[in-house]
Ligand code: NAP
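Let's start with one chain on its own, the form predicted on its own, as structure tokens.
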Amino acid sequence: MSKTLRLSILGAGTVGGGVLALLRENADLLQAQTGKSFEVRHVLVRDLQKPRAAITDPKRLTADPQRAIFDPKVNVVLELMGGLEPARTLIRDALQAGKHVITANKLVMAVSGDELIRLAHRQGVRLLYEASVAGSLPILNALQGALAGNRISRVVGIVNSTTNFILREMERAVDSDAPAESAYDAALRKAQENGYAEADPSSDVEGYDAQYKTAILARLAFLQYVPLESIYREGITHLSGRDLLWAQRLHMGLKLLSISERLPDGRLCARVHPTLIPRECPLYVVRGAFSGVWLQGNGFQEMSMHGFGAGARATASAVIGDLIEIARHPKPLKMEDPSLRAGETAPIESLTMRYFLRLVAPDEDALRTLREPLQQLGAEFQPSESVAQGIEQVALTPPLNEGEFQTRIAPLRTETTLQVIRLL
């Protein structure tokens, strides 16, 4: 590879603009780190007339993906468009053309990562995707590098910084005595105003974004291919400010967590759902638009890291890290990626967990009737109190099998307002 690494950047939005800015600002640092200079030959955009502050040379702009990908002088293609298509096809085309590829696209890597990784191996090029998970955190490189000699038993992460920001704002609303019923809507609006949430926030708040990232994290941590459909997903749209209030009263935090773990029978279980965590958990301190990951393994025992997870520069930082890796080590390993091995996954119904339940009934007699089946499960109750809808009471269960627990409480869901949140 020559002393100049020539790039095509597909997409000049938030992440693409951040990458262009860092390439320009840190040109001397990149030269010192790699011994190479970096030349942007093409920037693929949809609208050639749209003003773009990050692009200093408009002649580099193109609306033609073929020009950006098949230019024989281009060494590395950076896919920063997002979405499944045309991004997946363009990545495939670039790999087939013998180009190294860097992507920040968690959806493509979750859905088609196995195919693309194998294609890169056949073509003798590198496909790197650190930026697809947890913003600036170098968690994927750590799993494939410094931590690769450990047998990982559990990975727990806040991998969607938007929902973490929303939950923190809901906490603030509770602290300021704002109406609990409007806490979620107000927090979502603030996330959108700050640029952390899209106009249609469903990918974040319904847990899809975290599910994509969980598929990638679990595959690399446990060296097992993880189908997206095997990952249980639950978002945060059903949460109330009352849940955040009770989390504080119970000396816990409430987070949307990505959890992957190897079960005693050897199966891998991966899931995404809101989770109550104790204050001593390393992820409790991860607030606002930050991401964090907590790992357990047989060598290092426990390790955690957290950092800013949203916005242009956090993701761009990971993209630039991958670019440095390719500049230093352009030749891939000859062995196939071990993370694509087949393995058995376990449904969430096979797990044993504790649960937080918040019941709201119109009166004390109705509440007493609802308590009886929970008492049979060994639940411990907090004192009841009056709320606008009637009477509210919270219970915590002992460890119970998920499948059996859900079957037992199913009748209660039709008779009352029932909130169920799992405990870590």
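These numbers were taken from a predicted model, which means no experiment stands behind them. From 1 onward, residues are counted along the sequence shown.
The protein also exists as the form predicted together with the named molecule; that form is not presented, and the subsequent description refers to it.
Q: Does Glu39 make contact with the named molecule in the predicted complex, using a 4.5 Å heavy atom cut-off?
A: Answer no; every heavy atom of Glu39 is more than 4.5 Å from the named molecule in the predicted complex.
Q: Find out whether any non-hydrogen atom of Gly241 is located within 4.5 angstroms of the named molecule in the predicted complex, and reply yes or no.
A: Because no heavy atom of Gly241 falls inside 4.5 Å of the named molecule in the predicted complex, the answer is no.
Q: Check whether Asp365 has any heavy atom within 4.5 Å of a heavy atom of the named molecule in the predicted complex, and answer yes or no.
A: No.
Q: Using heavy atoms and a 4.5 Å limit, would one call Gly124 a contact residue for the named molecule in the predicted complex?
A: Taking the distances in the predicted complex, the answer for Gly124 is no, it never comes within 4.5 Å of the named molecule.
Q: Is it the case that Arg168, Ala180 and His273 all touch the named molecule in the predicted complex, with a non-hydrogen atom of each within 4.5 angstroms?
A: No: none of Arg168, Ala180 and His273 comes within 4.5 Å of the named molecule in the predicted complex.
Q: Tell me which stretch of 323-331, 229-237, 261-269, 81-89 has a heavy atom within 4.5 angstroms of the named molecule in the predicted complex.
A: Within 4.5 Å of the partner lies stretch 81-89.
Q: Check each of Val394, Leu44, Ala361, Ile69 and return the one that places a heavy atom within 4.5 angstroms of the named molecule in the predicted complex.
A: Going through each option in turn, the one that passes is Leu44.
Q: Have a look at Gly145, Gly343, Gly195, Pro278 for me and say which one sits with a heavy atom within 4.5 Å of the named molecule in the predicted complex.
A: None of the other options qualify; the answer is Gly195.
Q: Only counting heavy atoms and a 4.5 Å limit, does any residue of 112-140 reach the named molecule in the predicted complex, and if so which ones?
A: Read in sequence order, the lone residue that approaches the named molecule (within 4.5 Å, in the predicted complex) is Ala131.
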